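The chain below stands alone, shown as structure tokens; this is the form predicted on its own.
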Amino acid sequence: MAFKDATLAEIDTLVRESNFAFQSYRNLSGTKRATFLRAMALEIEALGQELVKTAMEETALPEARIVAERGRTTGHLKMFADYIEEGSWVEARIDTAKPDRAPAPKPDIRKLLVPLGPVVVFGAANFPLAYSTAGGDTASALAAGCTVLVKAHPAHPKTSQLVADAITLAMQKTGMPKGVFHHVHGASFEVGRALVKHPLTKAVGFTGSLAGGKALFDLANQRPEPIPVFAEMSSINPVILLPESLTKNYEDTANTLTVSMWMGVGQFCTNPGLIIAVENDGLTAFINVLANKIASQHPETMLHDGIADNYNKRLRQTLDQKGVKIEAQATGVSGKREVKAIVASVDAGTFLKNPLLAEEVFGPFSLIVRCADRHELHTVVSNLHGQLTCTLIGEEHELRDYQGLIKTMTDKAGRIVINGVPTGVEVCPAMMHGGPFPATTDSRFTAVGTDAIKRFARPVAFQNCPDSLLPDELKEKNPLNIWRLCDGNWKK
């Protein structure tokens, strides 16, 4: 099945339809939008093995991974359905008037979050379901009351189309306005450019490379009316191994990190691409165990040719740098998209002098930075770019002793992991999946969890507005029975 790139005329028509639909969709109750989201989940589940087999064929991912990702996708939709049905997400704030206040009367001011408008979502290569057509960006934007236009990722167009058809069917069954959701194909950059630059587009969601995300961000800021781009782009997710813990637990630590590094053939945004430790006997023992574990791994197939080619290219560039030594590698490869896991090392001084070594190699690769002492370790962490995660592994008393380092890590990342691994992003209200640039384009927001909805909404205040004209969430009698902050007190 061949899919043609959308034309500029088609894109213009679809964005206009999306904007027209937004004018009514934004006014639907949270309950009605929740019904739509749950219907989306049901229709995706109803695709059954057809969706699983199609995704497997296009991505080379195993069945268990696709099934798990489908569950994550539908679970995200149901989570947002529950969240918007409850209603407090709009963050209603009410400060009533005090006409007798001196020296000046206080006006009645009420505030809540409102949807931005049509949102363009770019499907991700490494997650054909959970970060693509019906993924977290689409789910949170629709939940907020925005309409959505998805550009399918060209690496899995059939999978994307199946999910898009399921969403369209859910729209029809729940009576959603035509244009609430649209889906286009586009292998060329021109399709993405046209979607971002269209004057009626109000926001963009993207998961992918730094080059791709930065290009979209720049396009959005070159518009006469700049718009927000919420792009998740690049992270090497440093793992810091403290000396005493490493000496005691080097074998368990090596086993755990090998699994994390090789998970999904290293094609996760939270892959541990950097390991930082002070040079000692524990580090030597750790590397020996790690080398044996890596050597036992068999080559596996990456998602598509582009990812495999980029991995091999970036890997060669990194390994060719002065002072970089291969510590462990898996057996050889036979297929074009097959790759092997590799771990290399470099001393901290060389690492600090060569910015290329701090760039992401997207795939099953980790670089160990050997530090002479604690001070050098802190210097390495202080010089890192923004990250999605930073991990610290140590004994409890060591962790207390390294509180200054934890504060530095907090400045560098959106999620701090203690005695664990960065892979595995729990979908829950407390999750922060974002971080300072270049991890994302806006470190204030998360792409996972209920707070992801805030990316696609903005606050509006109503001053001295008659009750009959206020949004229901702000009316005096609270017809929706939601929690509101009224004159400094939470009330229903």
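Since the model is a prediction, treat every value here as computed from it, not as a measurement. Here the rigid core means the biggest group of C-alpha atoms that line up within 1.5 Å when the two forms are laid on top of each other. In case it trips you up, residue 1 is the first one in the sequence shown, and so on.
The same protein also exists as the form predicted together with a further copy of the same chain; that form is not shown, yet it is the one meant from here on.
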{"item": "Location of a further copy of the same chain contact in the predicted complex, chosen stretch of 234 to 242, 357 to 365, 136 to 144, 108 to 116 [non-hydrogen atom, 4.5 Å]", "value": "108 to 116"}
{"item": "Residues Ala81, Phe181 and Phe189 all lining a further copy of the same chain in the predicted complex, heavy atom within 4.5 Å", "value": "no"}
{"item": "4.5 angstroms heavy atom contact with a further copy of the same chain in the predicted complex for Gly414", "value": "yes"}
{"item": "Contact label in the predicted complex: Arg455 to a further copy of the same chain, heavy atom within 4.5 Å", "value": "yes"}
{"item": "Proximity of Ile418 to a further copy of the same chain in the predicted complex, heavy atoms at 4.5 Å", "value": "yes"}
{"item": "Contact of Tyr250 with a further copy of the same chain in the predicted complex (heavy atom, 4.5 Å)", "value": "no"}
{"item": "Heavy atom within 4.5 Å of a further copy of the same chain in the predicted complex - residue from His298, His375, Arg316, Arg400", "value": "Arg400"}
{"item": "Position in contact with a further copy of the same chain when the complex is considered in the predicted complex, options Lys325, Lys407, Lys353, Lys173, heavy atoms within 4.5 Å", "value": "Lys407"}
{"item": "Sequence-ordered list of residues in 447 to 462 near a further copy of the same chain in the predicted complex, where near means a heavy atom within 4.5 Å", "value": "Asp451, Lys454, Arg455, Ala457, Arg458, Pro459, Val460, Ala461, Phe462"}
{"item": "Rigid core fit then Pro224 CA moved by 2 Å or more between this form and the one not shown", "value": "no"}
